[in-house]
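Before any questions on binding or motion, here is one chain by itself as C-alpha cells, the form predicted alone.
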C-alpha cells in the first residue's frame, strides 16, 4: 500500500472521528467521549500528513512538534477553568495565525518560483489570509478583554461605522483585484494589513459581556480560514475539519446571541448600529435581606425541592465540589436537587456543565433553561451561586434595561431564594439585579466556596 493511499485512508478516518466527536458534544454525558474521539481524529490526521510523499524532511516538523507540545500541555493542564475562555481566544489566535502564515508562504513561494496561480487557488489563498488575519487580531482583543488587560467596556470612536465599512469595502476590493491579478503582490499584502486592522476595529467596540459570542464567531472564522487553507494546498482533512469548525461556530454564535438577546449583526459587524440604552435604575431605596449560614442551612435541610443556579462566581470560587457535597446532604434528608443551566452562564458555552461534570454531578440533574423554568414555582428554594444577569427579572420588566428581552432563569418565582454573593457588585451588564431585593430573597455574603462549606457544616451538625 502506497504512502498516498495510507494518507487518504487516515484523512477519511480522521474526518469520521471529527464528525462523531462533534456529535458527542451535543450531550453532556457524551461530551468527554466526543472530545476523546476528536483528539484521536487529530492524531490520525497528523499521522496521515506525516506519511505524505510531499514531506521531504522531518527536521523542522519535529521542532514544531516539540515546541507545540511544550506550549500546549501547560495551556491544557495548568490553566484554571476560570481562565478557560481567554485561553480559548488565545488558541484561536494561534490557529488563525497558522492559517495566515501558510497562505502567505504559499503565495510567496509560488510567486517567487514564477508559477501561475489560477483563480481557484488564488481565491482560496486570499480568503484564508483575509479571514485568518482579522481572526488573529480579533481574538487577541477578545483575549485582552477577558484577561482584563484591555478595558471590558465597548471602545468606540468617532465615525466608527463609516471607518469599519470603508475598510471592509477596500479589503473586499483588493480581494477581488488580487484574485484576477495574482502577480499584484502589493494588493495581497495591503489586504493582509487591512484585515489585521479590521479584526481590531470589529472587536474593540464590543463589550466584555459579549465576548463569549465573539469567541464563538472567531472560532468560526478560524475554521473558514483553515478550510480555505485546505483548498489552497490540496489537503482534504483541512477542508473537512475547517468546514465543520466554521459551520458549528457560526451556528453557536447565533444561538448564543439569541440567548443573550443580543443583535447578531451587531456582533458580526463590530457593534454596527446603536448600542442599547443603559438602564437608569439604581438600588436607591432598595434593601437586600442578609441571611446567616445557620438560617440558610435550615431552609435547605428541610426543602423538598431545591434548584441550584450556578454562575461565573461559582467558577471564580471553584466551588463546584462543595455544591455537589451540599446536594448530597439535601438528598439524604429527602430533598430533590436540580441544576438550572443558562445557555450563557459563565464566560463560554458549556462553562457550568464542564465545571459540574468535573465535580461528578450526575448528568441527569442538569437541566437546560427551557426544561427547568416551569419548575421554579414548585421549588422550595432556589440557590443562586454567583449568577447575576441570567436571573435578573429586569429582563422581563424593565424596557430600559440593556438585557430587556433576554431569556432568563425564573429563580425569582421560587418560594425562597438564597443568593451566594461576595458583594452587591453588578454583573456583566452593569445594572442592579431586582432579584436581590425581592421579598422572597436573602443574601449570604462571602466567597462561594467558604459559604457552601459553612452550609455543609451546619447541616451535618443539625
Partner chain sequence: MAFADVYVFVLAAFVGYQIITRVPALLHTPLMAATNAISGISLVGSLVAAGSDRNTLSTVLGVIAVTCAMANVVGGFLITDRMLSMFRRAEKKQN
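Source: prediction; values computed, not measured. Here, rigid core means the biggest group of C-alpha atoms that superpose within 1.5 Å across both forms. Numbering follows the first chain given and starts at 1.
The form predicted in complex with its partner chain is left out here; the points below concern that form.
Contact check for residue 172: no non-hydrogen atom falls within 4.5 Å of its partner chain in the predicted bound form. Although the partner is absent here, residue 157 is not a contact residue: none of its heavy atoms lies within 4.5 angstroms of its partner chain in the predicted bound form. Within this chain, residue 365 lines the site of its partner chain in the predicted bound form, having a heavy atom no more than 4.5 Å away.
Using a 4.5 angstroms threshold between heavy atoms, residue 73 counts as touching its partner chain in the predicted bound form. Contact with its partner chain in the predicted bound form, defined as a heavy atom within 4.5 Å, holds for exactly one of 201, 312, 140, 231, namely 231. Checked against its partner chain in the predicted bound form, the residues 184, 247, 190, 289 give one hit for a heavy atom within 4.5 Å, which is 247. In summary, the region of this chain contacting its partner chain in the predicted bound form, judged by heavy atoms within 4.5 Å and restricted to 142 to 150, 293 to 301, 385 to 393, 215 to 223, corresponds to 215 to 223. Of the residues in 230 to 245, those that come within 4.5 Å of its partner chain in the predicted bound form through at least one heavy atom are, in sequence order, 231, 233, 234, 235, 236, 237, 238, 239, 240, 241, 243, 244, 245. Core-aligned CA deviation for residue 159 between this form and the one not shown: less than 2 Å.
In the core-superposed comparison between this form and the one not shown, the C-alpha atom of residue 173 has shifted by less than 2 angstroms.
Relative to the superposed core, residue 364 shifts its CA atom by 2 Å or more between this form and the one not shown.
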